[in-house]
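Okay, so here's just one chain, in structure tokens, the form predicted alone.
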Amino acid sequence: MPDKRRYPIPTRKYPPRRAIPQLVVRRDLRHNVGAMAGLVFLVMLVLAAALAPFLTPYDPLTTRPANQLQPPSHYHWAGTDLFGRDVFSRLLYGARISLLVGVLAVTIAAIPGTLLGLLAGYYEGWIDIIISRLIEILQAFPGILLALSIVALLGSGLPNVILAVGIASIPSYTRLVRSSVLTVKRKLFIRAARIVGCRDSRILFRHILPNVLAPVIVLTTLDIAWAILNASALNFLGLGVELGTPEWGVMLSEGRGYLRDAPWVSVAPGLMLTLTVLAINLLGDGLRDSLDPRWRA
């Protein structure tokens, strides 16, 4: 029997296990100052919008002509507008509409855009040709011009604004998902799934879709900011909600005639739009860096 001290038994060394992607994302986000700042601002904004009736004693729709165009003070933190309405109250209630429009518009864009991209990238051929030509037709128009055309066709109103902004965003999701599917479907595990007899629907939604979700999540985050801006632009032009509604685009439109005498009427909603879009972009950049496919152990 050989001596173990002279002939040691070789032991197999296993490579270190890689960190779980979800944990890597959380760790990277915690160390990204910009992403965390954007996340904190968005959480505070959502809470302020949800608790708006408890955070301000003023009704955003009640007019008080005696208090019109008052500068910011301890009574009215952001001043009052032409009709004596409290601007701070209208900002908080307007956040509800802007955030709702952003989330719903992106949902309308992401679901059909992702499905079209999956079909175009997986089947190719005439299906890819038809979908690509339709997407190119939509992309021939600038996003805001396409949204304006849809609203002009369907009529003004908040539901039509949400639908228009959502439809205008579909091409970006379709092209992104299609390019990702063209890469993923040539991987060995997709070939193995076909060999064992998996149906196309199972391959698409169980094997390909999870591997293309990372860029879609990042695009969705960034697209919310674009949707909020475009919806505010349509409301600014009077094609969305009715005048007097506490919405940031409407508030900008109402205050543009008083920029010299009462600049706070337009500065307040403009500043909220800027900070919200900046926070969403910072969070989106952080997610993009965290969801990089080259994980580090």
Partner chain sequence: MRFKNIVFSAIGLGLSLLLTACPAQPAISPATPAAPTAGGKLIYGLTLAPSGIDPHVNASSELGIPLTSVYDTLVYQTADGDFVPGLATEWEISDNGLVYTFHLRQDVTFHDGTPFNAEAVKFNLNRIADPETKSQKAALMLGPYDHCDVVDEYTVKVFFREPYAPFLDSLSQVYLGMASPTALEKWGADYQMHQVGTGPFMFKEYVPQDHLTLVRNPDYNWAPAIFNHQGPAYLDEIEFRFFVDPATRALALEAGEAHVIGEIPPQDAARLEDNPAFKIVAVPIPGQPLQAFLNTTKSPTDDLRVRQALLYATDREAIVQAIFREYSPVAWGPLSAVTWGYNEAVVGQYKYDPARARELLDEAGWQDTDGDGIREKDGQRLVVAAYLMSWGYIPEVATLLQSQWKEVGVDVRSQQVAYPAALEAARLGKHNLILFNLAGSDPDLLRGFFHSEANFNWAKVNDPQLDALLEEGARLRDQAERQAIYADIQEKIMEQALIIPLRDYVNLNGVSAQVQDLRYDAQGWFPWLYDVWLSRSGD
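Numbering follows the first chain given and starts at 1. In this text, all values refer to a predicted model and were calculated from it rather than measured experimentally.
Omitted here: the form predicted together with the partner chain. The next part is about that form.
Stretch-level contact analysis of 30-38, 60-68, 43-51, 268-276 against the partner chain in the predicted bound form, using heavy atoms and a 4.5 Å limit, identifies 60-68. Residue contact with the partner chain in the predicted bound form: L243 places a heavy atom within 4.5 Å of it. Looking at Q139, you'd find every heavy atom of it more than 4.5 angstroms from the partner chain in the predicted bound form. Contact annotation for P210: none of its heavy atoms lies within 4.5 Å of the partner chain in the predicted bound form. In the predicted bound form, none of the heavy atoms of I203 sits within 4.5 Å of a heavy atom of the partner chain. With the partner removed from view, the residue among T221, S172, S180, S156 that has a non-hydrogen atom within 4.5 Å of the partner chain in the predicted bound form turns out to be S156. Of the residues L115, V184, L82, I150, just one reaches the partner chain in the predicted bound form with a heavy atom at 4.5 Å or closer; this is L82. Contacts between 252-266 and the partner chain, taken as any heavy atom within 4.5 Å in the predicted bound form, involve R256, G257, Y258, R260, D261, P263, W264.
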